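Shown below, as structure tokens, is a lone chain in the form predicted alone; questions about how it binds or moves come after it.
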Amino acid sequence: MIAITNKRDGSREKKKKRWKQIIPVYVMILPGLLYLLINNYIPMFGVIIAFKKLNFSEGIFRSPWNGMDNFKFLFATTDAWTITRNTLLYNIAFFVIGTVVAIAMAVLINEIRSKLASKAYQSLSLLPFLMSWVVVSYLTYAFLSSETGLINNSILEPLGRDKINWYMDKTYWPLILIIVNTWKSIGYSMIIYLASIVGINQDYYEAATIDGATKWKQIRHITLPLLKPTFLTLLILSIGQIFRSDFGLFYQIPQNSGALYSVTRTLDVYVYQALLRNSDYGMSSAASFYQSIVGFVLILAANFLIKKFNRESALF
């Protein structure tokens, strides 16, 4: 009897000790949960606007239902194919090129032995990510302006080449957008991959060095394979965003030039422009709802496929 009582007391003490350890963790999580609830979940009730003919005088809930009319309007436009193609292809190009450049930069910076130089390179690569698209658009204009731009006046003209009216010629804009997006976002992606590389056990490299492996072989057979979980996680997140586009990039950088619409207009830009012209909040909500559903389905599909071939690399 005494042994049973002592066992119960010991179990209670363990529970108390465990709760003392867990409670601070929950307190730390609480602000993040509140932010998600207020910023991400409560606004989800607004999705009802996608199925309503919104009348501000009657409010959201009293406005009449209009079924799928908002979705029909979105896909009935002749620009539907163009904006869908641009959104998908740009996102694929951004991910492929961004991943290759980010991993290359992370590997190179990891090889720098001077801590001061390494921190300086990391800070400089992250600096564009902190700039707003408005600032980046003016920097881009400084290069591309037909009258005062650096490329026309300092490169093409001294070489005897004709000036290019960049904001009226759509030929170069897929490449320009890819370069600008890579330049701005590469620092953020590089930091993620660099954090993964730093976390790799150094014993692997020491063993490889003893076996006579060159630096390239160490990167190829140790670094790159161990970056696979990080790559797959970012791949799943990118697939979820593949039907969305960075509004600032596609609206600010081309400066909303009508001559470039066929290569710069994406779904988000089209919805914004339609909203400005027609003030159709129902259609705008339908487009956002459509993007969210497709993104959610794509995340589940990508995670299912990854889980099927490599369970440990799946996100959930």
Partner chain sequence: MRTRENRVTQIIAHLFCGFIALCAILPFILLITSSITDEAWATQNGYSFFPGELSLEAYKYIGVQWDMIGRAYFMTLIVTVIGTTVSVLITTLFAYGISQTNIPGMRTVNFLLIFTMLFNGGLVATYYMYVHYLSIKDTIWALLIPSLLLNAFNVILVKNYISYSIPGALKEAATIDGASEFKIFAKIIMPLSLPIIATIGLMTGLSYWNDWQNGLYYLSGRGGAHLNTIQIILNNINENIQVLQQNASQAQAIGANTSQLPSTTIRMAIAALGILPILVLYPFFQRYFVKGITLGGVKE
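All values reported here derive from a predicted model rather than from experimental measurement. Numbering follows the first chain given and starts at 1. In this text, rigid core is short for the largest set of C-alphas that superpose within 1.5 Å between two forms.
Absent from the display: the form predicted together with its partner chain. The rest refers to it.
Name the single residue among Ile200, Ala80, Ala93, Leu150 that comes within 4.5 Å of its partner chain in the predicted complex, judging by heavy atoms. The option sitting close enough to the partner is Leu150.
From the list Leu227, Val180, Ile191, Leu235, which entry has a heavy atom within 4.5 Å of its partner chain in the predicted complex? In short, Ile191.
According to a 4.5 angstroms non-hydrogen atom cut-off, is Ser11 in contact with its partner chain in the predicted complex? No - in the predicted complex, heavy atoms of Ser11 and its partner chain never come within 4.5 Å of each other.
Give a yes/no on whether Trp133 approaches its partner chain to within 4.5 Å in the predicted complex, heavy atoms considered. Taking the distances in the predicted complex, the answer for Trp133 is yes, it comes within 4.5 Å of its partner chain.
Using a 4.5 angstroms cut-off on non-hydrogen atoms, would Thr171 count as touching its partner chain in the predicted complex? Output for Thr171 is no: heavy atoms all beyond 4.5 Å of its partner chain.
Distance check, Ser257 to its partner chain in the predicted complex, heavy atom within 4.5 Å: Looking in the predicted complex, residue contacts with its partner chain include Ser257, since a heavy atom lies within 4.5 Å.
Across 284 to 311, which residues bring a heavy atom to within 4.5 Å of its partner chain in the predicted complex? Ser284, Ser285, Ser288, Ser292, Ile293, Phe296, Ile299 sit within 4.5 Å of the partner.
Superposing on the rigid core, is the Cα displacement of Lys52 between this form and the one not shown 2 Å or more? Lys52 C-alpha, core-superposed: shift of 2 Å or more.
Ala287 C-alpha moves between this form and the one not shown by 2 Å or more, core aligned: The answer is yes, as the C-alpha of Ala287 shifts between this form and the one not shown by 2 Å or more after core alignment.
After a rigid core superposition, would you say the CA of Gln273 moves by 2 angstroms or more between this form and the one not shown, or not? For Gln273, whose C-alpha is compared between this form and the one not shown after core superposition, the shift is less than 2 Å.
Closer or farther: how do the Cα atoms of Pro43 and Ala80 compare in the predicted complex relative to this form, given a change of at least 3 Å? So the answer is closer.
Indicate closer or farther: the Cα atoms of Gly32 and Leu234, in the predicted complex, relative to the displayed form, with a change of 3 Å or more. Residues separate in the predicted complex, at least 3 Å farther apart.
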